[in-house]
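Single chain ahead, written as structure tokens, the form predicted alone.
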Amino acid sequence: MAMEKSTFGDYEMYTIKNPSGAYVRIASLGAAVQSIVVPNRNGVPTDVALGYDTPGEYLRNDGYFGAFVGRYANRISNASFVLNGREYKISANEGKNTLHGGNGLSKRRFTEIAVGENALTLGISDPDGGDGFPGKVDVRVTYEFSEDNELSISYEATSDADTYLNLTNHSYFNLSGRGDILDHELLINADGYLPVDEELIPTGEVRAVSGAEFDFRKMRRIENGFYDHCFVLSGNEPCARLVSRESGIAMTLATDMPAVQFYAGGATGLRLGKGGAVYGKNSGLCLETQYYPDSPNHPEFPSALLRAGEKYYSKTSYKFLIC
């Protein structure tokens, strides 16, 4: 295994390469996964993650391509919640609602904490009141890439006051390395999903997937690109499996989080990506492991509450193989 550090404009880029030549690249800007390059069925290196060539593109563009997302992944309704009897007004950045923490952490510099042979840890602190959230929060994220092409992402955090915290990675995957993802096949081990209103805020219901277009308990083509929904995981592993028959690349997903947001990229606007690639609607999909969206306003949902002095920890792994 080898770790290389290079410049990325005013930031740093880290490349973790395994003996087979597969590698991942992670930027200190937003702790973003910029590339995941693995072999297809013919042994051709294929970049299966969408991203940009320059820091400026990450800073200018929306979409959170490859980014570390926090303080709160997904949406919080009316940009507010009540905690310990006090109402907190947080940054609204999607109409009246908060998406991915408001200004969040995805376009900030993460500082180098530790570099290993096949693992990289990046850290960041957010002050008390950051985006309106209570508590000074210290966060570390560790990326580890194995000899058998598994990318593991571990999240650790502490806060000096009670707060809500929900961290994830927002990589867009296209296992063909080109085109759209509508012909990919997907399995999600979820018996339920969260219906949403017109602003993509959960209604509070957990609806069974059985008999619906949301049933991915058996592998099937995605076909419809409108998905932007939270799936309630059943606890079976892997929690998800994604396959491109074109490239022969498969990806399995494992996590200790209770849910995964499946976003099919239906709202992705036209833009230029790495190497002059053109990205647009359904060019990539996201499988964001997380607590339920808007859980601070739904006491019936699993709680994302982090108590002062307690430790937040979660881990998600993406393994790439030939199907």
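Values in this document were obtained by computation on a predicted structure and should not be read as measured data. Don't overthink the numbering: it's just position in the shown sequence, from 1.
Not on display, but discussed next: the form predicted in complex with a small molecule.
- Gln261 belongs to the set of residues with a heavy atom inside 4.5 Å of the small molecule in the predicted bound form.
- Contact annotation for Leu200: at least one heavy atom lies within 4.5 Å of the small molecule in the predicted bound form.
- At the 4.5 Å threshold, heavy atoms of Phe68 stay clear of the small molecule in the predicted bound form, well away from it.
- Though the partner is left out of this view, Tyr58 does not reach within 4.5 Å of the small molecule in the predicted bound form, counting heavy atoms only.
- For the residues Asp191, Asp162, Asp228, Asp183, the 4.5 Å heavy atom test against the small molecule in the predicted bound form is passed only by Asp228.
- Contact with the small molecule in the predicted bound form, judged by any heavy atom within 4.5 Å, is made by just one of Phe216, Tyr143, Tyr172, Phe110: Tyr172.
- Of the candidate stretches 118-126, 143-151, 231-239, 97-105, only 97-105 has residues whose heavy atoms lie within 4.5 Å of the small molecule in the predicted bound form.
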